[in-house]
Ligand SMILES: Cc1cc2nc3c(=O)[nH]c(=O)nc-3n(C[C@H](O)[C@H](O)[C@H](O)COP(=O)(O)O)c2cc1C
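Only one chain is given next, in structure tokens, and it is the form predicted on its own.
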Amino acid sequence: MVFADLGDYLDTLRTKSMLRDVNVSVDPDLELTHILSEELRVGKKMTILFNKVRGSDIPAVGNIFSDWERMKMVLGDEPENIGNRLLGLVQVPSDTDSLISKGLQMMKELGGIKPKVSSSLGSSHTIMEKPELSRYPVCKTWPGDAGRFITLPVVVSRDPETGHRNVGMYRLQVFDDETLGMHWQIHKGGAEHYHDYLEKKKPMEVAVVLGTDPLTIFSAVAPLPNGLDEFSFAGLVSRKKMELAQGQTVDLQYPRNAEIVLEGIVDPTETRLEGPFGDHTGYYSLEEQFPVFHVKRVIEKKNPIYPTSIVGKLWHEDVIIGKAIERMFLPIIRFQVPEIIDMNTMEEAVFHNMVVVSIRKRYPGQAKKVMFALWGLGQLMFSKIIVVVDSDIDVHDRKQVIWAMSTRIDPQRDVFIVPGTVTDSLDHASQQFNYGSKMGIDATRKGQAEGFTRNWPEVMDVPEEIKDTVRKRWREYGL
């Protein structure tokens, strides 16, 4: 299902009784986001539209990705099925007939990859007289936050050399009605563009979209390879061209279905103290110097809706987003590292702090080979701990993983440290900001080729015929 815009998605949720309206006044400082958090905590997982946010005439919506059913609605399929479909684009058949058939299929799949650009947003949008960020129901989530933060933006920038577009999601601290703190972490695409503009000493044009269709919001988070921009990715997933509008004061394009657009400039020579901010890790990210975004023009849809998201100690909708990314990109990771069977980026470890993979082990040292392959693969470079287990272990069963880790390793032989490596900006434990170490744990069974000379014991299990007999006679036992 392709949703026309955020409102269309919310209308669909309402027809399915998956949307709640809150029609009493709610404070955007701490109260609104805690309501969202409480809804998730008791298992209701309800998308909530707050129609009366104190200090604003604009409604706010949260928990738009709050469970797997919503995520499948947004993507139009199971994430892993989409991953297999995208993988099929790069797999070349060996015979001619299959190649022709594949070519026709590729034309269909690639039909949505190039966005359609219009000259303007059209009559559905209005140019505001002047920037006035205080009009919007921007929330403060945690008491130690430095202020109010925009947490679900779609940020558009462009490489000054190639013109390639990057669309990312970077939090924005509201400083006043016209300026925002742009939290570009050093490893992200937006930060790469910022660095290029800094070298050239040129102002950087940026567009920030607050509210668009949910697939585009999801695409802004997806860990895509360089050269594939996120709007094209959304078109690939939906098989429908995205409709973009040409910016008015910036030479950038953004979704025509945007609720609110902030056009402006980042001066690469200017930074300001940003944070603290209650982050995904459950800790406050500390104050750091970050670029400043100066808003020059604001364009609004008539009766816009402002989207927000809880960022903080899990579990919130970021777990659903993270798991969807894991499942969607697993087929592509398997293609690059074919011995991998399955992978679990563990939400308890905030995804990047511990990754468990199972492999078909055929030769000595293969577990380490897989670890280093993953550390060199896109955003998996942030994985602080990688645990490799055998094919008989279900990586999503914590009991099995801990059993393998505790019974199949000799710590001196199977646990190793890689010093002096990239770390995530949210790794608060590393010795230096963005620079620390990795840990690899080889929890596979060892053989003689790896210097293990003892006999490895068999794993206990009940024969399948006995299991089948007991299942069939269960009522007969009278239990």
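This structure is a prediction, so every number in the text was calculated from the model and none was measured. One-based numbering along the sequence shown.
Below: the form predicted in complex with the named molecule, not depicted.
Site annotation in the predicted bound form: the residue of Leu75, Ala220, Leu244, Leu252 reaching within 4.5 Å of the named molecule with a heavy atom is Ala220. Contact annotation: of the candidates Ile82, Ala146, Met169, Val292, the single residue with a non-hydrogen atom within 4.5 angstroms of the named molecule in the predicted bound form is Met169.
Of the candidate stretches 196-204, 170-178, 82-90, 401-409, only 170-178 contains residues with a heavy atom within 4.5 Å of the named molecule in the predicted bound form. Contact with the named molecule in the predicted bound form, defined as a heavy atom within 4.5 Å, is made by all three of Gly190, His280 and Ile321. The closest heavy atom approach of Leu152 to the named molecule in the predicted bound form falls within 4.5 Å. Taking the partner from the other structure, the named molecule in the predicted bound form has no heavy atom within 4.5 Å of any heavy atom of Gln336. When the named molecule is considered in the predicted bound form, Leu224 lines it closely, a heavy atom lying within 4.5 Å. Within 4.5 Å of some heavy atom of the named molecule in the predicted bound form lies at least one heavy atom of Gln185. Taking the named molecule as positioned in the predicted bound form, the residues of 287-317 that bring a heavy atom within 4.5 Å of it are, in sequence order, Ser309, Val311.
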